[in-house]
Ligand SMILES: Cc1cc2nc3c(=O)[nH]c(=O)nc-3n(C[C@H](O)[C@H](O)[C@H](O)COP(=O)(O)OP(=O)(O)OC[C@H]3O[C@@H](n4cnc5c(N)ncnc54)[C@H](O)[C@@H]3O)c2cc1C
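A single chain, nothing else alongside it, follows as structure tokens in the form predicted on its own.
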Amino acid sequence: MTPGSPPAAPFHEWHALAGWGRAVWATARVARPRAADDVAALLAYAAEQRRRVTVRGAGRSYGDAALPADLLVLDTGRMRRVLAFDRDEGRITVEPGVTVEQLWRTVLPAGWWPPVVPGTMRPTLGGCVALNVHGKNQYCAGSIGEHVEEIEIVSARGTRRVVSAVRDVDLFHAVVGGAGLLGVIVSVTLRLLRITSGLLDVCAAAHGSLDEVAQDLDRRCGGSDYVVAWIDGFSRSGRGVVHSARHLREGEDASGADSLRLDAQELPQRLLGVVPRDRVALLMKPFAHGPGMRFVNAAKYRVAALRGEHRFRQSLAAFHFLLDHVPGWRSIYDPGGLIQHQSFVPAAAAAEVHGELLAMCRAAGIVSWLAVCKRHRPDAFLLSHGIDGFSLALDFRVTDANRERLWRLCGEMDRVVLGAGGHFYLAKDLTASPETFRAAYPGIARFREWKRELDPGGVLTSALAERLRLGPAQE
């Protein structure tokens, strides 16, 4: 296949595509390359034809980051080979379609774990790097980009280029977190985390107010590898439960190497030891409304409060991939789907600002069914959401009746967050305006310079890029 000629895997399969929240949809022609050379030929062909292309992995972004602005989508999901794995040094090179699940299943038996994972194992590594995902350890380990040594991209012109975190610092900080707009990632080289056990030592503690949650979350960051808090969005106090965890040190795990076996990481087949996993979403359906979710949130808090602070051991997969415990759980948000508003606020103002956001939701009559708080640190990526502070992720059900009001509420919350010097997260966003984006991301000017250099014709785009005016001629 030569660049500029019709590719062997053309954009010919028509598909209806959605953001993972299924609140927005688009129809597109999809190509599924199997190798980097195929990607180069597809992009060169699109550039020659003056067509625009959107890169898509597993489609796990909540909003429109992987939805097309035009009619062409380049799906990297079939590029899922492990290209190299150094079991002694803990370094792995993979194609972009390798999922988080495939990654950890590959490295765990050798005593390694991905340094950063999101709340689900389904995203691809290409998508994780393109949106610079974070986990429950962002405050100490940073986002995934801080553990990437190099990436290979294919530019909009169809040329291949290796971008090193050491030799190409500025470009590296633009491509990682650049939402696939500067080049298609075709390989990722990642440093792994050495572990001696497949178990974590976990501590759970309930607190009666948002201030108490924030204080405990901050305090536990000092001696934990992971910290996360669940918040009851229906409660005026902002009560919640903090979970912290640390890796077991050598000699602490009596099961030894057994806990590193893949079968020891399988998610439990029954929730609470009683309800089959595949039935939970169905059982949640009767509670899929405001009063029902108010009851669920209150019950969750009361059970945690009755148990008091307690410790237990949990497998790595069970702790990290909470969103995978209940298959099909997002169906409770049907038919309109869900969106998430995730804000990042400096530490000094976070409790006050996030308390105000929760109050705004209650006043609007649109309360988040699931609210999660994490601690964060800043980084050098141009479109980074990292900040010395806290994030609050709010899941909302979308309906015909509330859609306009919900988008307006998110805009009002954006103004409060911006007023405190806060940021947002492209992997989750669906409602931000171009003005909000420019105010939240001071690195946007340098990012645009790279866009003009690498993709002057605006071949690489997405619905998110068009909404936020990230094209080379959209300043």
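Quick note: we count residues from 1 along the sequence shown, nothing fancier. Just so we're clear, the structure is a prediction, and the values are computed from it rather than from any experiment.
Keep in mind that the form predicted together with the named molecule is not shown, yet the notes after this line are about it.
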Check whether Pro109 has any heavy atom within 4.5 Å of a heavy atom of the named molecule in the predicted complex, and answer yes or no.
-> no
Can Ser391 be called a contact residue for the named molecule in the predicted complex at 4.5 Å between heavy atoms?
-> no
Using the partner position in the predicted complex, report whether Arg60 sits within 4.5 Å of the named molecule, counting heavy atoms only.
-> yes
Although the named molecule is absent from this view, report whether Arg56 comes within 4.5 Å of it in the predicted complex, heavy atoms only.
-> yes
Non-hydrogen atom within 4.5 Å of the named molecule in the predicted complex for each of Ala65, Gly119 and Val184 | yes
Look at the stretches 260-268, 184-192, 219-227, 158-166 and give the one with heavy atoms within 4.5 Å of the named molecule in the predicted complex.
-> 184-192
If we test each of Cys410, Ala427, Val417, Ala41 for a heavy atom within 4.5 Å of the named molecule in the predicted complex, the one that passes is Ala427
The named molecule: the contacting residue among His354, His173, His207, His134 in the predicted complex [heavy atom, 4.5 Å] | His134
Give, in sequence order, every residue of 364-388 that has a heavy atom within 4.5 Å of the named molecule in the predicted complex, or say none if there are no such residues.
-> Lys374
